Each structure stands twice: as structure tokens, then as C-alpha cells.
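Take a look at this single chain in C-alpha cells; it is the form predicted on its own.
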């Protein structure tokens, strides 16, 4: 066990932030850890949010650990409902307000190392609607609690977005007796992660379960008629009656605090292979970060990054390397695994028939750099992951990492 007498402040209590704290404590029992979050700090597994309905789980049943348990297990100070108002990297301190208190109660928290694990927020589309019609999104447990309360006694749910979250949520809703429409500008589901022939099979399988697809179009407005019914107007002239709208069109990294602290930001917070930003003793990981010019908003990359950074912060400098990390997409009608290529230059090669398909993404060097599997072919996940080139190889210099992608 390493002995390191320093103070580490983590902003963000999602999967990345809590995993980092756990790994730091596993490596060192003398480091002081403070975790800050603008939301209540609770331990839950985010991927369960898109399958809780069919698991017959109420939102509170998804909580695995409450604040007090997390604090005791990590021997850490947890500050939930804490709003950061300033990061001064020169003086190495974070200022903020606890529980919306008055300005006179501003807390100042000093640090030796600061880690930003501020996550990402749902992208908001400019859809015409009145103020009483919410555009729901599900990015954390509080969002999910709102979603579940809104869909009680409702029947028709419109989902905007046919990517990972949109497809998983549709599968969960349709399996639980809801009527589901999905709208997206893309031509097939999961278009960024698989070739058309596979997306077509997923579309067909989910349609047989009852999902109504509206692809290649956009949602223009959500209005209410004289009877109070909610209507969605699509760009192809179609009007559909709905009860709630959920947006699942992707995430944008939360970088406001980083920008305010003078940390370099492009698409996300820029870091080197050791998760360090341009500022000394300021690090970042998780959904708020870009790696070699791209973001990786999945659980597995955040876990790998947290483990590597914990070693660095406790005295063993460790570069982040990501192997190929396949992701299971929870679609009941069509078992699906994807391992999206980081760089999109290449071609898909597909083999198989019907709903049992295997697609390899071959890059310009002839290497397997990604793959997608559906149906019985998902059994090849481990084999293909071992044959695929790593998602990320360590590049220490931030500028060099951007050149590598360009």
C-alpha cells in the first residue's frame, strides 16, 4: 500500500469519479479524498437506466449505495448538492456553494491534485414546443426519476435518436407494454457503429415487436390540439399522436468549469496519456474528456482511465492504453454487440445471413479496427476483441495526439 499525504479533489460523482476514488483508496489509505457533485451522490450503475422497466425496478431500487455508505467505504468527504463557482488553479483551490446557501457561506476547498470528472449533458435540439411540454432526457438517476414519473399512466412514447440509448430505451419500453415511435435523421439504427445491412435487420426485428420507425426525417414541433392531445409534426408531413417525448440524440462534454479555470478545451477537455490537462496538477477523465480528438462516452473507457489515473496520483505514473472494448447493446429483439472504430476511414466487410451477421471494419492499413455483431454471431465478441487493434495507444503529448487523428 502506497503512503501519499496529499489532498485530491474530484469534481463529479458519476461512474468515472467514484471509480477513481475507489481505485485511489485501493492504492493508498493516507490520501485525503473529497468528492464534489452538483447532484445528490448515490451509487448506481448507469447502464441499468435503459433496462430498469423490463427489470421491474423502481428508480430507488437502482441505488446500490447511499451517500453515507460511499463516504465510509472510501474514507472520503462527499459534498453533494455542491455548486462550484470558481476553480483557481494558481492557488489550487475550489470555491463553491453547498445546498444553494448564501454567498457569505462560500466554501473554499484546497487541493494538491484536482480531477474533473464533470461528465456530459444531453444535446438539446431546437424543437418548437410550448413551455408546458418537456423534452425529457435520461442522463442520470435524477433524470430517470423524472422520466418514470412522467410516463406513469401514459402509453405513447416518442424517442428522438436511433443510437445506443434510443434503441435500448425503445426495447425497454416496448417490452413493458408501451407504444414506441423512433425518429432520426439517419437511414438505419446505430448507423455510426455498423453497416446498413445490420441496421436493417435490427430495424426489422424491433418493428416486429411493435416499434414504429421514422428514419430520414426530423421532428419539427410538438403541439397540443383543442382536446389536449400531444402531436408531433415530422419533416415529411407526418403527424403522430404521443404522450411524452424523450431525446436521445447524444451528449456534449461538460467543459464550462474547465474553460473557466483556463484548461484547454476542444471537443472535450484535452488530456495527455496520463489524463493530465495543460494545467499542472489538474486532471480530467470520463465523458468530459477527449482522447486523441474524440470522446468515448462509455463505461469501459472511463473505468480504464480511472484505474490508470489512480496509479499516477498515488505515485506510479501510468499511461492510459485502451484495448478494443466491445459494447453490448441491450436490444431484446436482436442481440447486438458493437466495437466502433475510433477513426472512420476504412470499409465494412460483412458475412453471415439474416439476423446472424458479423461485420469487420478494416482501416486503410488493412487492420481490423472495429466490428459489429448481431444474432448468434455475438458469441464471437471475445475472439474479435483480441484480434482488433487497440482503441487507444498511449500518446503522451497532447498536440501529438491531435495530429495522430488528423
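Remember, it's a predicted structure, so these values are computed and weren't measured experimentally. Numbering follows the first chain given and starts at 1.
From this point on, the text means the form predicted together with a small molecule, which you will not see here.
Annotation: in the predicted complex, residues 37, 50 and 297 each come within 4.5 Å of the small molecule through at least one heavy atom.
Out of the listed residues 269, 183, 165, 308, 165 is the one that sits within 4.5 Å of the small molecule in the predicted complex by at least one heavy atom. The listed set 257, 265, 324, 249 contains one residue whose heavy atoms approach the small molecule in the predicted complex to within 4.5 Å, identified as 257.
Look at 82-90, 205-213, 237-245, 170-178: in the predicted complex, residues with non-hydrogen atoms within 4.5 angstroms of the small molecule sit in 82-90. Using a 4.5 angstroms threshold between heavy atoms, residue 119 counts as touching the small molecule in the predicted complex. A residue is said to contact a partner when one of its heavy atoms sits within 4.5 Å of a partner heavy atom; residue 330 meets this definition for the small molecule in the predicted complex. Interface residue remark: residue 189 is not counted as part of the site for the small molecule in the predicted complex, having no heavy atom within 4.5 Å.
Put simply, residue 15 is close to the small molecule in the predicted complex: some heavy atom of it is within 4.5 Å.
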